[in-house]
Each structure stands twice: as C-alpha cells, then as structure tokens.
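In what follows, one protein chain appears twice in different forms, each by itself as structure tokens: structure 1 and structure 2.
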Structure 1
Amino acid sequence: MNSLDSVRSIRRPSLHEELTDTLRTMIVEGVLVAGEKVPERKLCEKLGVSRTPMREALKVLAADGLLTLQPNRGAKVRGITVEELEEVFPLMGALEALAGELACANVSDAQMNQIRFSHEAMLDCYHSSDMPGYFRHNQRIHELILEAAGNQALSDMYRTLAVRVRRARYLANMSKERWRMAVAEHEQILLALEARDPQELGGILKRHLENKFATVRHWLNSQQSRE
C-alpha cells in the first residue's frame, strides 16, 4: 500500500457553492431582509466576485424556496407567510416523525452521548436565560437526531424546510411559559430516544414541533396585522 493512497485530494469548493452558503446564512441571519430585493451588484462588489457565480447561487437558492426570481426584475428574499407556514408545518412534522423512528433504530452510543451533551448545554443556556445559545444548541440537537436517523435524503429535505422557517422562528420569541414547556418536551425527547421508542419519539417530536409552530404562527399573525 502506497503512503500516498491516504492523501485525499483537497476539496476546493467552487465559488457558486461558497456563495450559496454565504447567501443562505445572510438570509437566515436577516442580513438580507425578507421581502426586499437582493442587491446583486453590491453583493458582488462586497464579496469580490463577478455576477456569474453570484447569479448561479441565486438560481439555486430560488430553487430551494429561499428567493423568488422575478423575470427581468431580480431576486427577492422570500420570507414566509402564515399560509406557507401552514403548509410547511405538517410536512416538517411528517419528516420529524420519520427521523425519530429511524433514529431509534439506528442511533449509536457515541451519537447518543453527543445528543446528551448538547441537551445539557442547552439546559445551561435555559437556566442562564441565554436565548441565542439555547437556540443554537436546540438546532444542534435536531441536527444530531437527523444524523442519527442515517438518511441523507431525509436530512437534506428537512434542512431545506428548516432554513425556510428558521428566520421566523428566531424572531418569534418564546414566552417564559412556552420556553419552560419546550425544555420539558426536550426532556421527553431524550427519554424516548434513550428508550429507543420510535412511536413515542415520533409523537413527541411532532407535538414539540406543533408547539414551536404555534409560537411562530402567533408572531407572524401579529406582524401581518401590524402593517
């Protein structure tokens, strides 16, 4: 066996791939504001790239549902309406339930430990009222469950949807009461996963999601009536 066999060719991502990720992040973080036009030229200058890879990235993000392309009028950040949320919610519910089922069957001990670790870290954030930290660890846990499910196609689909609602979820702050409840639900999630109970886990994940969405829906409605 040659010693060079283990040297993997370095993966240099193409510009449009990097741009897709960058823009996606900018949308989720609200740097690119929902409803507003994507300033193509400015972004190109700011990021030091030409329009070609930028426009490729825009096309991909539009296919992902994060932007809408208006012929001859550029791209707009799509955001999410209450109606769209009502569509996306049952979809994510079905995917979460499936992820839960699969995770119970496939989660490894190492993965289980990672989940426990993130769970604890999330609890710490809760007790110190660190919302951004909580949000981050929360997201991580769901990512880990998805990973434990061991289904790439499922992960991809779920993530596409999750990104679409993430911004709204972040902006829709939980009430103290709702936060307490969410933490309780997460305790149940951990328990069901440790017990490898697919039925139970699928159910809790769906209920948990339902509650999260109730919060977002409430916020979206209040936003809509504000205009």
Structure 2
Amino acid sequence: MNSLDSVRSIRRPSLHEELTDTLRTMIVEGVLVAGEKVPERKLCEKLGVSRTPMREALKVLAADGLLTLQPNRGAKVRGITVEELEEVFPLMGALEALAGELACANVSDAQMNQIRFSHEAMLDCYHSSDMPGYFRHNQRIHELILEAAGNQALSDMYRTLAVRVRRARYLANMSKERWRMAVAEHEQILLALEARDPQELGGILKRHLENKFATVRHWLNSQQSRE
C-alpha cells in the first residue's frame, strides 16, 4: 500500500518573498537610487501591494544592509563605500574559493551541463555587448557552483553577503579590457571545474573576485572624486 507520508507539498513563492526579491533587484540595478528615499506609496501602486507587505519587505532589505530605516521618515537606500566593500569582498573571495573546492568533489554531470549551458549563454551576451544579460548568466554560474558544493551553511553565509557584491559589481562600469579579462577568467573557471581540480579552481575564483573588487574600487573612487 502506498503511503503519502513522504510526499512534500508544492512550494510556491509567497507575496513577501516575491516583493522582497523585486525590491532587492531594483536596488541592485540602481532603479532605486543610493541616498534617496524609497517611494513607498508609488511602489505600492505600481506593484499592486498594500503598505503592510511593503514595510515587511523593507525591513528584510534593511537587515541585508541595503536600506536604512528612518523613524517616521520611511526607508532610504544605503550608499556603497569602499570601506564596507574592503570588508565584504575578502570574505566573499574565501567563500567562493571554498565553494569551488567542494564543487570539484561533489558536482554531478547534470550540474556540470547546467554550468556549461550558462557559460555559453554568458559568452553569447558578451559577444553581443549585452551587459545586463552577461551579468545575469554570470551570476547564475556562481550560484550553480555554490549549489554543486552541496553545503547549506556555506550557501547561507554566501547569500547574506552576495547581494552587496552584486550591487557594487552591477553599478561599476567595466572597461572593455576588464570585461575581456573577466570572460577569460570564466573560461579558466570552467576548465578547472571540468578537471575537478579543487586547488586550481579555488585560486581562480579568489583572484576573479579580487579583480572584480579592483574594478569596483576604481569606479567608487572616481565617483567620490567628482563629488
């Protein structure tokens, strides 16, 4: 006789999760501008939600370090500083390196195929100068490597910091030369993972993030010098 005890319910994203993800993306992509107040009423009208879920989502994003909640004045988008990123990027580099090392031992053939597919899609975006698409597939590759690592504690720590890195990386303008180098680094990442070489992959991922930070720091310093 069949038992339903082991059957899991189908999980659908809640309004809270969907709204939080939407607002997070708007901050990362600069739709909600650093230093400006979040227009709660307009966003509620635009997204078709009430003030209660909107405020709950803003609390989550404040906990993520993306917003500052001001008593009786709403929420304000936090700026990005070199000092903050000098603390975050080395941590992310260490987590990315560890994820790569674990992925070399645990990645399945199906996961490897997903990574190859995302890599090819990323290259297509690069060759067509589609930077938003490039960033989307680039991010997906790093997420797939994290999934292949198979370590939930690592995933939780990574995702707590990743949104800050994503935001800085998205806003910073890459030169054509740096973009070319980033693509070359991703080629090396793929080869090292295919070879299941943990030390090589860990080292490449760490250097890859260090180079990203150099790009972001240069952009931030140039922005501050104009102010």
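Worth saying up front: this structure is predicted, and the values here are computed from it rather than measured. Every residue number counts along structure 1's sequence, beginning with 1. Whichever C-alpha set is largest while still superposing within 1.5 Å between the two forms counts as the rigid core.
Shown as structure 1 is the form predicted in complex with another copy of the chain, with the alternative form given as structure 2. After superposing the rigid core, the C-alpha of Thr22 moves by 2 Å or more between the two structures.
Superposition on the rigid core between the two structures places the CA atom of Gln199 less than 2 Å from its counterpart. Core-aligned CA deviation for Arg140 between the two structures: less than 2 Å. Once the core of the two forms is superposed, the Cα of Ile80 has moved 2.8 Å between the two structures. Core-superposed comparison between the two structures: Glu45 shows a Cα shift of 7.3 Å.
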